[in-house]
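Heads up, the chain below is alone and in the form predicted alone; it's given as structure tokens.
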């Protein structure tokens, strides 16, 4: 065991992302919050941009946590090389941070959500009907309770994995599987509740039974792309060069292919359900995204979020090359930004898909703080778990 740890003198120091994130995130987050609370003429636009930035990074955090649960449930070898990064991106520190960064959203309920405007609620019977479940107190309480539960679960899984690294006790792996298998069901249900509060309720009347699955699969795709990108970019540096193999990049590429396919399937399912139903209330989601340039964004996502990665990840040569796979991962991450923008911003921005400077400030501000938490959590344990014999064999026979 000590030899493996000694071999992990990291040339690929993922923890360096932390200081870089702080350098970018702290001033830009300060600008975002300052404009929301100290500049009345910028308050509404900045609050909307902050919500977009927060939703993206919160979704990525949940994607990392969801993949951690999936790995411990199925115990596939594909997850061993990226488990520590998943634990960092979806760990207790990142989840607690996203709960803390939700506070500015709480302060801006009145300018973001129709259910927080008493005048609109009084004039709208549907909002009145929903008010027992969707109201400022209930949404805030649910959000912080769910983040607390997710953070406690993530902390337990990480501690169990670290204990097994130290002791080699194989019963720890079974304990994690016993916990994660029902936990992943609970995770899907609670994520559905959360995104209903955070995003779906931006539209007073709209609803979707596919929205929860979309916010499970899409963020999981982004999380896997980020972790795979880090592994592939550092493929020739220790400790990743000790585990890099054709089978590893093929497995990670296949997982990316699968999640991308699920993302397309859930999006198409939501669209076809509304098309067949032909009801004005649920169809309003696509009505607002079929004019003023939003339809171009939707078509762009079909081609470049789905079709281009679909054919790229079907190509064995790309999955055999860490460099080529890294390019695909980078592209998928960019498409995740665009997809979240397409989902969130048309709910309140009716002037078309124009990216405001506040969007960039908020996205980088929240993202910089997230990277700081990610980097600090990565350095708290070995870069990859050393307790699984399959990974040991890859190290021994590299």
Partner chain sequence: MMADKEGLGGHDPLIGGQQTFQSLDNTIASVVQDQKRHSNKPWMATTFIAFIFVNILMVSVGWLVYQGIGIWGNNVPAGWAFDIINFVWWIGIGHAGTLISAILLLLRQQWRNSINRFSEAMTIFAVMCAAMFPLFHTGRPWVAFYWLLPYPNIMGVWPQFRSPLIWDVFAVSTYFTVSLVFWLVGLVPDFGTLRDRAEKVAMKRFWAILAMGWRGSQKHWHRYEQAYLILAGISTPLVLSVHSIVSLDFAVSIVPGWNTAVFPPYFVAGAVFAGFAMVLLLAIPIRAIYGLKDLITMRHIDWCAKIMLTTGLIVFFGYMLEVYYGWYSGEIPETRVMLWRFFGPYKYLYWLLILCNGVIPQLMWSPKARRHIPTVWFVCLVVSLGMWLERFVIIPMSLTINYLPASDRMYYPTLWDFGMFTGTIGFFVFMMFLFVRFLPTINMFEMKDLLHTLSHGKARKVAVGAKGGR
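Source: prediction; values computed, not measured. Positions refer to the first chain, counted from 1.
Absent from the display: the form predicted in complex with the partner chain. The rest refers to it.
Participant: Decide yes or no: are 298, 305 and 332 jointly within 4.5 Å of the partner chain in the model of the complex, with each residue judged by its heavy atoms?
Facilitator: Spot residues vs the partner chain: no contact at all.
Participant: Though the partner chain is not shown, can you say which of 77, 135, 269, 96 has a heavy atom within 4.5 Å of it in the model of the complex?
Facilitator: The option sitting close enough to the partner is 269.
Participant: Identify which of 92, 213, 322, 309 has a heavy atom within 4.5 Å of the partner chain in the model of the complex; exactly one of them does.
Facilitator: Spelling it out, the residue with a heavy atom inside the cut-off is 213.
Participant: Are any of the heavy atoms in residue 294 no more than 4.5 Å from a heavy atom of the partner chain in the model of the complex?
Facilitator: Close contact is absent here: in the model of the complex, residue 294 is far from the partner chain, nothing within 4.5 Å, heavy atoms only.
Participant: Check residue 189 for me: does it contact the partner chain in the model of the complex (non-hydrogen atoms, 4.5 angstroms)?
Facilitator: Residue 189: yes, in contact with the partner chain in the model of the complex.
Participant: Does residue 163 reach the partner chain in the model of the complex if we count a contact as any heavy atom within 4.5 Å?
Facilitator: Looking in the model of the complex, residue contacts with the partner chain do not include residue 163, since no heavy atom lies within 4.5 Å.
Participant: Can any non-hydrogen atom of residue 287 be found within 4.5 angstroms of the partner chain in the model of the complex?
Facilitator: Looking in the model of the complex, residue contacts with the partner chain do not include residue 287, since no heavy atom lies within 4.5 Å.
Participant: Spot the stretch among 235-243, 124-132, 311-319, 97-105 with residues whose non-hydrogen atoms come within 4.5 Å of the partner chain in the model of the complex.
Facilitator: One stretch meets the cut-off, namely 124-132.
Participant: Scan 191-212 and note down the residues that get a heavy atom within 4.5 Å of the partner chain in the model of the complex; none is a fine answer too.
Facilitator: Those in contact are 192, 193, 196, 200, 201, 206, 207, 208, 209, 210.
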